[in-house]
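Given next, in structure tokens, is a single chain: the form predicted alone.
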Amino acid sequence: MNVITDELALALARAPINAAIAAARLVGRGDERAADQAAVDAMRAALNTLQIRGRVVIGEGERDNAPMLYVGENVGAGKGPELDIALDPLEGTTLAAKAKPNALSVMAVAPKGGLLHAPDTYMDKIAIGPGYQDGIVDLDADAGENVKALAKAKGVSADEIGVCVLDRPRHGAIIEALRGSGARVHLIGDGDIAGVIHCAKADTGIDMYIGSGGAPEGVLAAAALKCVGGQFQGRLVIRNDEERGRAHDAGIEDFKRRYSLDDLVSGPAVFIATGVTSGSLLDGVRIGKGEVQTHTMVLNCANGSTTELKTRERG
């Protein structure tokens, strides 16, 4: 399978950079829809300048409900490598609208067939960072037992393990089990992708992510973890006939299947994230005095490279 070169990865980074800049101009305005649409428009325009034959496998929705960057949309100039693209032009629309930390513009790209076309449903997830043997944690195990297992593997006590969880009523039992184990629980209001990626960076104080969130976001986060050697397990949560239909349309028949990192991201993917608002992962876009500054991470699974981009341009 062809791999994405570092040169192409840096060219692809222009799409989330432009999307982040467009969204940043609306940060704190309280209009989630406007900020998201601005990011979508900017990302689409940037992708269509690239010498690629891209196909959106995870996007802003199905064709009838998303005028731009819908699932199945072809992007790029129509020449060059065939690529699968998963994207979220504004991860954390509420965060951006309220000027809260960790809003991102994110994209994962792999050679054709390299990314799971995850349906727009929920997914139960557990993720940890790099440096551990496979099977240290288990999606079906008690949350507290996973903390103890990870602490043992890390050589620390359970009270030194940090776990990120979306602050939702559905996670009440998980949060109780985590705290009962002694773990430090980091609750986040939004930003499922950023929550998972925190596991990949030692300086965040977060060792594990657990809970249910969007399945498409799971694929994007899995791409980042695969590039750094992390671990991820997930299972779709199908709640009604509509969601069952979405899964069928995506070619999924086994709703009880537990997905590994390689199931979600089978190809040598590239993960790119640009900060919209500043947070623990990236600095946000800074606009002032006729200048725009951005902060981006580019992770390439093919060679294990991590590139940090800081741009400064007129704007």
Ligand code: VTB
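Numbers for residues come from their place in the sequence shown, where the first is 1. Quick caveat: nothing in here was measured; it's all calculated off a predicted structure.
Keep in mind that the form predicted in complex with the ligand is missing from the display, and what follows is about it.
Highlighted residues G92, R170 and G214: every one comes within 4.5 Å of the ligand in the predicted complex, counting any heavy atom. Contact between D190 and the ligand in the predicted complex is found at the 4.5 Å heavy atom cutoff.
In the predicted complex, no heavy atom of L150 sits within 4.5 Å of the ligand. Among residues of the shown chain, M107 is not one whose heavy atoms approach the ligand to within 4.5 Å in the predicted complex. The closest heavy atom approach of A97 to the ligand in the predicted complex falls outside 4.5 Å. With the partner omitted here, the stretch from 162 to 170, 229 to 237, 77 to 85, 142 to 150 that lies within 4.5 Å of the ligand by heavy atoms in the predicted complex is 162 to 170.
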